[in-house]
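Before any questions on how it binds or moves, here is one chain, the form predicted on its own, in C-alpha cells.
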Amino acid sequence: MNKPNDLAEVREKFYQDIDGLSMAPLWEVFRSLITHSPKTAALPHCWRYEDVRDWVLRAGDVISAREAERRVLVLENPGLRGQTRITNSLYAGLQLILPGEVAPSHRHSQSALRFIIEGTGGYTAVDGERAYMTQGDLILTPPMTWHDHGSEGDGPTVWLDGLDIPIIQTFDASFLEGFHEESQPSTRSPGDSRARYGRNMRPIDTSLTNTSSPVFSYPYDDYREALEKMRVQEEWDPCHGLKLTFINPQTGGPVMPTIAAFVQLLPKEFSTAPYRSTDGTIYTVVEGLGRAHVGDEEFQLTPRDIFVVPSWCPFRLDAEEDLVLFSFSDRSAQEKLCLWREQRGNDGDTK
C-alpha cells in the first residue's frame, strides 16, 4: 500500500502526465466549480455621479465620437478589473455625445439598452427611426438592429449603457457590422414603433417570433405617471416597494432575450425587507435620496448615482425621500435557462 507521501507523489506525477494530453482531474476543482450557493468575484460598488461626471465630459476633449465609434467610460466592477464588465454577465458604461456629433451606425449580436442620465436633443436611431432622448428615458437597441447616436442639442448628452457583452463572449457568438454611411437614413417618423405596438395593439398579421420588444423607446413621463397612479393603491411589496418591469408588448415578456429592465418607487421613509437573487443587478437613481445596504457596504444615494448589487448578495433600501430607481439585470436570460432564484427576508424561502 502506498504511504501518504508516496500517494501524493503518484498523484502529482499522474496530473503532470495527463496535462500533456490537455486533461485535468475534476476532483481537484469540483467544489470550486459546483458550489452550494452562488459565488462571484463581483463586489458591491457605487459610482457617485458627481465624482465621475467631469471625467465623462473630459473624454470629449480626448477623442471624438467618430474616432472612438462609441465614446464610453466603462464602469468596471472593482472585483473584476480588466474584464470590461460590471457583473460576470453584463457590461455597463457612461456614453457621451456632444452637440453636432454622430456616433457611426453599426449593428452587432449584443443586446443593448440606454438609460438617459442627462441632456436633451440627443437621439438614437434604430432601424431607420429616431428616438429623441430626455433624462430618464429608456431606449433599446436589440440584437442586429442598425443604430447610431447623435445630438441636435446645445449641451452634452450622457447615458448609461447596458449590454450583454460577457454573455455573448461566453458563447463565442459576436458579430459586428458597420453601416455604409455614418448615419442611417430615416425611413420612419419618430414615434412610429410606439404607434404600432405601444397602444396595446399591433399591425395585423405581424409575426410574434421577435424576442425583443418592437418598441425601443420608453419615455420617462409615461412610466413615472404609471408609478404615481399605482401608488394610491398602497400595494407596497416589502422587498421592492412598487416595482414594474418593462415588457415586450407582443409577448408580455422581457424587453430583450438576455436583459430585463425595471423601475421602482419607494415612498418617503419606506425601508425594504432584505432580499437577494441570482441576477446581479445595476441600479441608477432617477429621483430622490436614500441609502442602499449591499452586503457589508452602505451607499448614500443621490440622483444619477449608479450602484451594482452582485449575484446572491443581501440587499435592502431606505428611502429618505420618494425614491425612484431604474435597474437592469440578466434575469430574462436566467429565467429562460431555469436558473433564476430569489430569497425574500432574512429567513425567507429560496424560490
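Residue numbers here begin at 1 and follow the sequence given. Since the structure is predicted, the reported quantities are computational estimates derived from the model, not experimental observations.
We do not show the form predicted together with a small molecule, though everything after this point is about it.
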| query | Among 277-285, 230-238, 184-192, 103-111, which stretch sits within 4.5 Å of the small molecule in the predicted complex, heavy atoms only? | reply | 103-111
| field | Three-residue site 95, 149 and 161 fully in contact with the small molecule in the predicted complex at 4.5 Å by heavy atom | value | yes
| remark: With the partner omitted here, the residue among 126, 165, 242, 261 that in the predicted complex has a heavy atom within 4.5 Å of the small molecule is 165
| query | Using 4.5 Å between non-hydrogen atoms, is residue 216 touching the small molecule in the predicted complex? | reply | no
| message | residue 91 versus the small molecule, in the predicted complex: is there a non-hydrogen atom within 4.5 Å? | response | yes
| Quick one: does residue 70 come within 4.5 Å of the small molecule in the predicted complex, counting heavy atoms only? | yes
